Ligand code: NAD
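Heads up, the chain below is alone and in the form predicted on its own; it's given as structure tokens.
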Amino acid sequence: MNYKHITVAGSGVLGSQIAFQTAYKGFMVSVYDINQQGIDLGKERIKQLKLIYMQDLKASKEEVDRAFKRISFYVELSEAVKQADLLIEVVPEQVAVKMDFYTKLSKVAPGKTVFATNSSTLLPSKFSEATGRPEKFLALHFANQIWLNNTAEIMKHSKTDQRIFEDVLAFAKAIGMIALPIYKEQAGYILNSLLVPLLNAALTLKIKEIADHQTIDKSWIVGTGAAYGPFAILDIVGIRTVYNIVLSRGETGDEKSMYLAQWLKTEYLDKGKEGKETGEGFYKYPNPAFWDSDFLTK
């Protein structure tokens, strides 16, 4: 693996985290987004990450400042990818959006550039031909709060070159991740194959008014010893991200997923409640109820 320049396409919650973690580990990083507003929001997210790394990882101010200086920001895709050894795509979880992105990317990226999708539910083979380089394309999926939940799931498809697969595994380790190789395509990889059914079950319990979200979270925490309940996880991941996932499933004919997507949109997204980042989702931030010392007993 001889990667030096990494491009991250998408400066949302997870894209910003991937960019900063990669820069923090010494790589040069280019961040691309479709407009200046997206870039400005991404810069603010990364500035907040500097403070978080100082708090959670005890990083020095000098270390996080050096990491930030390794990052450049672009609204022109051709400029953002000009030196890229690896491009990590973190655009919205919608087939049409990703297909359009790869079609444009294939026309401007250097021949050397490896493409990796961070898609949490869509299979890389769905986009492999649109990339124009199926042998240099695979999936690289990160968990949210990348500096803490430091896993990277690397999934190949039938045309992925084995050397590329091994190089991306090495890259994931180089940026501090526990690299999890996946040898066959599986929608949801490992993590989301386990997590999404939990979140769907929790949402169904709430929609049916079986219990409120705090009670459901308490049940999961007490019953399993987990640090967070499903609704706290939904807020941390971002309700819009989960909405895009269930909407994609709904659009394939899954009526239950479509109902969940519509409910999330009406009850939360349309009201500006997107989770932790916007200050409110199922809980209110910066001091959510599940952080209270008596959350499990009151």
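None of these values were measured; they are calculated from a predicted model. Note that residue numbering follows the sequence shown and begins at 1.
Heads up, the form predicted together with the named molecule isn't pictured, but that's what we're talking about next.
For the marked spot (86, 106 and 115), a heavy atom within 4.5 Å of the named molecule in the predicted complex is absent from each of the three residues. For residue 141, a non-hydrogen atom is located within 4.5 Å of the named molecule in the predicted complex, even though that partner is not displayed.
At least one heavy atom of residue 12 is located within 4.5 Å of the named molecule in the predicted complex.
Remark: residue 119 counts among the residues lining the named molecule in the predicted complex, judged by a heavy atom distance of 4.5 Å or less.
The shortest heavy atom separation between residue 126 and the named molecule in the predicted complex exceeds 4.5 Å. Shown alone, this chain has one stretch from 98 to 106, 179 to 187, 129 to 137, 162 to 170 that lies within 4.5 Å of the named molecule in the predicted complex by heavy atoms: 98 to 106. This chain is drawn without the named molecule; in the predicted complex, the residue among 146, 71, 90, 154 with a heavy atom within 4.5 Å of it is 90.
In the predicted complex, the named molecule lies within 4.5 angstroms of at least one heavy atom of each of the following residues of 21 to 37: 32, 33, 34, in sequence order.
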